[in-house]
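The form predicted on its own is given below as one chain in structure tokens.
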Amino acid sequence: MSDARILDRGYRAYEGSRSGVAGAVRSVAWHTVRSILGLGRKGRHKVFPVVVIVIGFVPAVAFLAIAILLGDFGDEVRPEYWEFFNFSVMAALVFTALVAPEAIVRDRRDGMYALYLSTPLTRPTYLLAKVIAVAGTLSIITAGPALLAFLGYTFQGLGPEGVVDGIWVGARVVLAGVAISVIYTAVSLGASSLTDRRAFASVAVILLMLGLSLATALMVDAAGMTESLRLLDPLGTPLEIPARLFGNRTVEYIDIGTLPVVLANLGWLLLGAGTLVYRYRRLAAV
């Protein structure tokens, strides 16, 4: 005779904690960070993102080593804090073009987008989670090297004098890095929203950012056209933010006022974000 029994437990309500929409946004953002960094996946998915991040830190580590070895004698070659953002621009471009599109393209390709919308998430909160994940991860490349240099110089006695000056410098470094990351993220995700293929998304981002950067440089430097055309460069214009925050100007933008630079960066942010939102408003959930 069998010992099997059927127990009628009835309906039981969920008794755990409910985090609501905010918890869903946090969960999707963290899952996206893990996905684009290859965490929880096979080793080959981790190599490229890690290599890109490491490359972004190489110049800062090199200059910091010079400061440690030479002390005050290395002042002539030691860059300003805002200049470190220029050193990591290629690493940021590679991440923006080849890694960031994975955040949204993969969901549409695998059908996860419709599944996400069956949760408390809506289209705006879904996109918010993706932007937080990509911009937050990209900030490691944009703000990380300059912040590392700032901390290293401070510990070596080569940084700002006084606590107040130190906080002010550190705040500007973080603000500049986050601002650049948000603009790059908007442009990257806006371009990536136009296709369901990651390779096509990467090509679109490269053509938009690097292509326009080279085109504007040729028009201004080779053809002698107005300097204001540099504001059409979505790669170089955001890099002017840290220079202006520290009271400087890069050589390329030296004849362009701060207000046009601010408006141009705001324009790229709105263009990328607007394209992203428009595409997802028209995108079917099933």
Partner chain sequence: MSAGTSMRVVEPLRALRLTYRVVLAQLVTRGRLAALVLVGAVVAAVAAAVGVSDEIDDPLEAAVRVIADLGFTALVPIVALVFATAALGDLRDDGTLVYLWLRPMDRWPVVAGAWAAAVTVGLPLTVIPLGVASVLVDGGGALVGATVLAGVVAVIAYSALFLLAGLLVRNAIVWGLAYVLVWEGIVAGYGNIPARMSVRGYTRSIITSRTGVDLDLGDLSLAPSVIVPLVAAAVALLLAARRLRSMDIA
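Positions refer to the first chain, counted from 1. No experiment lies behind these values; they were computed from the predicted model shown.
Below, we refer to the form predicted together with the partner chain, which is not included among the displayed structures.
Contact with the partner chain, judged by heavy atoms within 4.5 Å in the predicted bound form, is confined among 248-256, 234-242, 60-68, 218-226 to 218-226. Although the partner is absent from this view, residue 197 contacts the partner chain in the predicted bound form, with a non-hydrogen atom inside 4.5 angstroms. Using a 4.5 angstroms limit between non-hydrogen atoms, residue 148 is distant from the partner chain in the predicted bound form. Though the partner is left out of this view, residue 158 does not reach within 4.5 Å of the partner chain in the predicted bound form, counting heavy atoms only. For the chain shown alone, residue 178 is not a contact residue for the partner chain in the predicted bound form, no non-hydrogen atom being within 4.5 angstroms.
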